[in-house]
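Below you'll find only one chain, the form predicted alone, shown as structure tokens.
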Amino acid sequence: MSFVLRGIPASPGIVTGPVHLLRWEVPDVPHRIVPDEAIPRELARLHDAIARARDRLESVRARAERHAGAEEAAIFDVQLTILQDAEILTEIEGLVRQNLGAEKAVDLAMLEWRRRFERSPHAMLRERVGDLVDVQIRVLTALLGLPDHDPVDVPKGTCAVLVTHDLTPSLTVQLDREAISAIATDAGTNTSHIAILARSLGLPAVVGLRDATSRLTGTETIVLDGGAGTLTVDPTDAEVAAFQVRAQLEAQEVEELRLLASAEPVTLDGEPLVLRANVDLPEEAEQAANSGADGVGLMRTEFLVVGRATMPDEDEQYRAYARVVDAFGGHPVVIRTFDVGGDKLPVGGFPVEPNPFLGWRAIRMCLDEPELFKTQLRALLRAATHGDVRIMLPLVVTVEEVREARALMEESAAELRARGVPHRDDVALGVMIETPAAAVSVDTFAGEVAFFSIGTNDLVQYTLAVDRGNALLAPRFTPLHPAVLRLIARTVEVAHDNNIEVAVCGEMASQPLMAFALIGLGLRQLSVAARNVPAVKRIVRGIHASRAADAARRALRAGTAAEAERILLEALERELGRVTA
């Protein structure tokens, strides 16, 4: 009998397929005491399990390399090293010789190593916590006789729906788009990193399901509706047919929107807008360039770090940035420096912190690690020889951070000159406005930067004190809260007064009602996921900027997010009603 699991829409699309259930978590381990005479047999079990885990890991690494690349698959090298670590093995063997069952010895020893790494003052050791967890899972899986469920086990052409609690870097790098056709997670919201990644990859996704992994067995067939945020489990023939009709209608709409790619984004009263694309991965550049976008408003660079065992060198970064710049043939490409932290973590976290959103992340980490930062800056200055590159600093809260970053840019340019490497040293520097501190004091940045870009995902999170990745708080993540609208309005006002470019690059701009609100607040540059560019063009071409401004003025005076939403929605419906009439 069919039933429906409801979550949060994360990436549109309708997919029917078998469930690939991935419970990637440390299993419960029984406490077992073994007699002295059984210790040699228990040690043999331990070494056999480690050998099987190593074989499994090498197989996973090889398959990940084939469909994700050698650099991405290198994440597993650290885990292979951990499996061969003599100190860790000696500690586990010592517990077994104290009459502890092999599985409990592994569990206790790895837990203690994780605690040591978490408390380490060295970031590189703190990064390894996630690797320790993965190794712990693999060895315990072998010892306890549990089934392996890596994403790479899904045969190509299966069109499976991956259902898991969350996607760690080591799992993400294994995703094969020829085998996995959609993603469903217990955790997350529509602005969490997995949702952004799914939209970037063009995979339908539902997040925030909370308990899907415990309610499913892995034997089901499901229909995932990324637009509605539902999983229909073991659907009837009639339900499948109805979803197929909806999928066809969605495909027709996508084709109609594709025809808008070459249309100019101008409102009915003649206000031109600039629509740019957000890019997560270099391989998306060509698709984004064909979406009708006028350049890139946000190129995220975390793909170079997340899921990696080592930091990328200058040449690797340069090649990745240049590929995107070349694809856009002279149009602006805004590249954000590493925004590592929060929900965008490299292997094991960078670093492991009790509250990473408020921790050592983004510009803070970059300024504290100047050699790491200058490697990225040198690559960006080199890529600027290919086109109009602009550098954007994330999570800036004070003008001192901008000045420090500019000094490091100048040092990076000097180092390239000394090496005789072609580069540009006149690259525009801008900041993301994504905290209340930055928005309230935005005037202090006016004489220091070339542009502002409002990151609505984090601005909402920090303003409302609502974790954007927490499914329990999703109803409270309200971008139309008057406090958020007023911070955006202030940023736009200061930008206009100082003749500084201002854009929005958060997920807010991708939604029709939100885009209408932003245009009303005075934004004339929006950056959205490439696949959403035509849809936003349709909204732009169907409204009057003056009427959006009137609705936004009234929304700014609203007392609640619900009241602001009602005001804006009624105005947008009147606008679109005039067009269709």
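One-based numbering along the sequence shown. Only a predicted model underlies this, so the values are computations on that prediction, with no experimental measurement involved.
The same protein has a further form, the form predicted together with a small molecule, not shown here; the description that follows concerns it.
- Taking the partner from elsewhere, residue 481 is found to have every heavy atom lying beyond 4.5 Å of the small molecule in the model of the complex.
- Taking non-hydrogen atoms only, residue 434 approaches the small molecule to within 4.5 angstroms in the model of the complex.
- Proximity of residue 257 to the small molecule in the model of the complex falls outside the 4.5 Å heavy atom cutoff.
- For residue 456, a non-hydrogen atom is located within 4.5 Å of the small molecule in the model of the complex, even though that partner is not displayed.
- Residue-level contacts in the model of the complex: of 505, 167, 198, 223, one residue has a heavy atom within 4.5 Å of the small molecule, and it is 505.
- Comment: the small molecule is not present in this chain, but in the model of the complex one of 114, 386, 378, 468 has a heavy atom within 4.5 Å of it, namely 468.
- Contact with the small molecule in the model of the complex, judged as any non-hydrogen atom within 4.5 angstroms, is confined among 457 to 465, 224 to 232, 132 to 140, 241 to 249 to 457 to 465.
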